[in-house]
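Below you will find one chain, with nothing else, as structure tokens; this is the form predicted alone, and questions on how it binds or moves follow later.
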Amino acid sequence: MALIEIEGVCKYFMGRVAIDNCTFGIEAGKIYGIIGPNGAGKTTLLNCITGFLNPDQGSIRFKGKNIEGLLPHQTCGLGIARTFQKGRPLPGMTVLENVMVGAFRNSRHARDAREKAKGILRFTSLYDVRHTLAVNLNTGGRKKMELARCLATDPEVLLLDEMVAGINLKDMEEIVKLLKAINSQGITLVAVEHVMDFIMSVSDVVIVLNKGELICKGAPREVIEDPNVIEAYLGKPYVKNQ
């Protein structure tokens, strides 16, 4: 049984199909990349998994239990955490305080949450800026801080929405190393992304969506050579350059 099972999921917005009968499984311990053109339904799918949206049809199961219809704080309580396309630091709070918010999922006392947050900030190389207001971090720093806040909730699954969008190459390389280190601890990762160098370097499995439909799933090299993926998303010049 897959850790997350998505079966026949459909989502519509004012008659427009955002996700069309999507079915696949996510196995524990792996890193999944989700790619596809703008409007393919990638973020909508993450929103359905995490409770920000309810699917109109189909089912979503986590460890065998249906979770569609749960609210975001409830899915987080089960062990599913997520980041967003744009970093969302809590205003007026330091980096440490932002990460403490995540730690309060399982920590009843501020002292315990603070110590837990400090450990995660050391792990994510953000400890030296722990007293900086989170809104003053650059884009790469905000992305790492949001990731740290998610880790503080003790997730089994991390859903990452365009984690490396808008950051420089050095920051991307650091995040790739960090994600691999997180995965080595047994945390399953699902990354929606347009940056193919990132997807190719971290993914065990790549899922391709187009117009809400699943058109391909497989190992990264297999996926980028699939004719349907080339036509719908990558284009022949990308494949030739690989």
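A quick note: this is a predicted structure, and the numbers were derived from the prediction, not measured. Numbers for residues come from their place in the sequence shown, where the first is 1.
The form predicted together with a small molecule exists for this protein as well; it is not shown, and the discussion that follows is about that form.
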Counting only non-hydrogen atoms, the one stretch of 38 to 46, 59 to 67, 182 to 190, 195 to 203 within 4.5 angstroms of the small molecule in the predicted complex is 38 to 46
The unique member of Glu156, Asp171, Glu162, Glu97 whose heavy atoms fall within 4.5 Å of the small molecule in the predicted complex: Glu162
Though the small molecule is not shown, can you say which of Gln74, Gln85, Asn138, Ser125 has a heavy atom within 4.5 Å of it in the predicted complex? Gln85
Please run the contact check for Val9 against the small molecule in the predicted complex: heavy atoms, 4.5 angstroms, yes or no? no
Would Cys22 show up as a contact with the small molecule in the predicted complex if we use heavy atoms at 4.5 Å? no
At the 4.5 Å heavy atom threshold, is Ala18 in contact with the small molecule in the predicted complex? yes
